[in-house]
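The chain below stands alone and is given as structure tokens, in the form predicted alone.
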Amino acid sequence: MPELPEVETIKRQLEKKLPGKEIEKVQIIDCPNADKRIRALSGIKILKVRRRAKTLIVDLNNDKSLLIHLKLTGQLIFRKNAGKERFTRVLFYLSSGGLLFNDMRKFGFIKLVPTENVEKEIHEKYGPEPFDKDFTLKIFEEILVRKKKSKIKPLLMDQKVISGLGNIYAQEACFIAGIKPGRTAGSLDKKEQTRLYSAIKKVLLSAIKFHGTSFDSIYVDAYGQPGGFGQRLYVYQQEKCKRCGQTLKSLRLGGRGTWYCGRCQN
């Protein structure tokens, strides 16, 4: 599933391409989770593209907004020439080019909501984002105290607590901070809390810089290109630690595979 860096990459690219373009036609090809009302958006212009957690928000000039979530295998790709691809589920024909919503497994969704309701539909369902101004070290420490019995990695992935982090970057942040992902939040001392707080921001900024992580053809950016952060991963789906060379250990936390270094992480 695309995480914050992947969705942020797509948002940044689309906000350079979509604002000002008019939707000429919307074709729902095979998307059970697409709001059927989007077929009536012909003649509507795109105003802005933004993001909240892992959801893309496209504001329109009819006081409505599209909420787009890629889920496991979704893609949102801008093409100069609109045309259906193998897994295209929804196709937006624009005044210049086209926007393809591709989704192999068809778990992703497109909703149409009044723009004034976006806060209720999206924002209120998520915790603070790592780059929010009010996501301070103090707030992070308070979260760890409040959730002291929770294990670190599943806690970082809980979207109601902190939004945007998923399986990849939660593991990477733990490694950078030198903390085993299976430890409880309450076991971290002040220095470890500070290291983890900084590590979350560091890994996300780096992943955004390289347009996210691709392991296969599933995740691509808004231009259909793979992300370049995969070769810079420390532990996620790796065999040996890139710092000490020791074989990495693995366990399951929250039902997800988790890799860590028994020497570099305490």
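Since the model is a prediction, treat every value here as computed from it, not as a measurement. Position 1 is the first residue in the sequence shown; the rest follow in order.
Below, we turn to the form predicted together with the DNA, even though it does not appear here.
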property: Residue among Thr88, Asn167, Thr115, Gln193 with a heavy atom within 4.5 Å of the DNA in the model of the complex; result: Asn167
property: Residue (of Lys120, Arg146, Lys138, Lys84) lying close to the DNA in the model of the complex, criterion heavy atoms within 4.5 Å; result: Arg146
property: Proximity to the DNA in the model of the complex (heavy atom, within 4.5 Å), stretch among 155-163, 175-183, 129-137, 90-98; result: 155-163
property: Exercise: Tyr234 in contact with the DNA in the model of the complex, heavy atom 4.5 Å; result: no
property: Glu8 within 4.5 Å of the DNA in the model of the complex, heavy atoms; result: no
property: Contact flag, Gly257 vs the DNA in the model of the complex, heavy atom cut 4.5 Å; result: yes
property: Contact flag, Lys106 vs the DNA in the model of the complex, heavy atom cut 4.5 Å; result: yes
property: Residues Lys25, Ile77 and Ala222 all lining the DNA in the model of the complex, heavy atom within 4.5 Å; result: no
property: Partner contacts for 1-16, taking the DNA in the model of the complex and a 4.5 Å heavy atom cut-off; result: Met1, Glu3
